[in-house]
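In C-alpha cells, one chain follows: the form predicted alone.
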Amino acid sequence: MNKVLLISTGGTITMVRDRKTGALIPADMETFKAYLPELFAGDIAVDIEAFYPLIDSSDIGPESWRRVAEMVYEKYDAYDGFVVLHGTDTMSYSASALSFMLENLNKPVVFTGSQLPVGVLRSDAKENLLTAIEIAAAKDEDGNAIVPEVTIYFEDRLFRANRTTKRNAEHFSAFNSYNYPALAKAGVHITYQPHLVRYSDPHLPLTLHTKFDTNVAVLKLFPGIQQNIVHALLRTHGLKGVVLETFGAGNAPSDRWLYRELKSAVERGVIIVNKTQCNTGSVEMGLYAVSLNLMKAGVISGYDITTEALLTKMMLLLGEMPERAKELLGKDIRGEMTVAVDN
C-alpha cells in the first residue's frame, strides 16, 4: 500500500458544530476521523499528525511553516506523499513557503482545506481531502510520483502552490493560479498535465531550509500616495526587503521624490522588487516611460510572481543566503515565476 502522512494544522476543515451551543469548534482527531471513515477504508494507508492546539490560519507564520517542513523532512523516507490541512486565508503563503523550504523535493506535498467545516452537511471537506490523498499517493507506471512538488488542491483543480492566490471567500473554488495552468483537474478521473509539472533531480537529496528574516514590507502604490508615508516605510529600522506593488505592467508615478526615496533605500541595502497589482500578467520594466525611474533606482523585476510567493521567497532568502538574495529574487528557483528570456 502507498502511504500518505496527513498533517493537520487546523482551519475550517477541522471544525465541527458544538451540539450544545451551535458554535463551530475545532474537532479532536478522533471526531474528525469519524466524519471521514473513507479515509481509512481504501488502498492508501493514511497516518495523521496534528498540531496541538490546532491553529487558525490567520495566526500561522514562519514558526508554523518550520514545523510542517520539519515533519515532511523527518518523515520523508517513510511516506510516498504528504497532505497538509490548513485554513484557506493564508494557505497560499504557507504552501509557497514550503515550496522554497523543501529543495530537491521528489514527493508530493498537497495543501488542502475547505470552505465549510467537515461537520456541516454540504461541506466540501470530504471531496477536497480524499482527492488530495489520492494525488499525494499517485505514481506513474515506473513508480515515480506524478506531481512531486508543493501544490494546492481545491474543488477540482490542482495548482502549483507558489502560483496561487485566494480569490474567493464564499465559493468552493477558493483559489486560482492566474499565470500558470492547473497541474491536474479532477472529475470522474484525475487528469494530470505532466508537461506542466516541475521535476527535481531524483539523485539529489532533499534539503531543508528553515531560516526566515521577516524584516520585509509591502508598499502598495496608489494615486495620491504621499512622500511622508513612503519615506516612513522605507526608513523603517531593520527593513531589508520591500514588495513594491505597482500599476499595470510595473508602472509607478513619475514624481521625482518617489525616485529619490526608492534609490536612497536601494543604496542603503534594501532590496525592492516590482510586483504588479494585477492578478494576471507580468511586470515589464522599461516598456513604459513611467517604469524607467524604477529601473534607474535599482528596483528589480518580479515578473509574474504572486505577492504570497514573493514575500515568502524574500523572507527565506534573506534568512538563508542574504548575500545572494537580490540575485535570486530576480530568478525562478521553484517554478514561481516566468522570467523574461533576456534575464
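Note that residue numbering begins at 1 and tracks the sequence as displayed. These figures come from a predicted structure and were not determined experimentally.
Not on display, but discussed next: the form predicted together with a small molecule.
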Practice task
Answer yes if any heavy atom of residue 213 is within 4.5 Å of a heavy atom of the small molecule in the model of the complex; otherwise answer no.
Solution key: no
Q. Does residue 92 make contact with the small molecule in the model of the complex, using a 4.5 Å heavy atom cut-off?
A. no
Using the partner position in the model of the complex, report whether residue 114 sits within 4.5 Å of the small molecule, counting heavy atoms only.
yes
Is residue 307 one of the residues lying within 4.5 Å of the small molecule in the model of the complex, judged by heavy atom distances? no
The one residue among 106, 131, 165, 88 placing a heavy atom within 4.5 Å of the small molecule in the model of the complex is 88
As a check of understanding, the residue in 293, 64, 282, 57 with any heavy atom within 4.5 Å of the small molecule in the model of the complex should be identified as 57
Within 4.5 Å of the small molecule in the model of the complex by heavy atoms, the stretch out of 140-148, 114-122, 228-236, 194-202 is 114-122
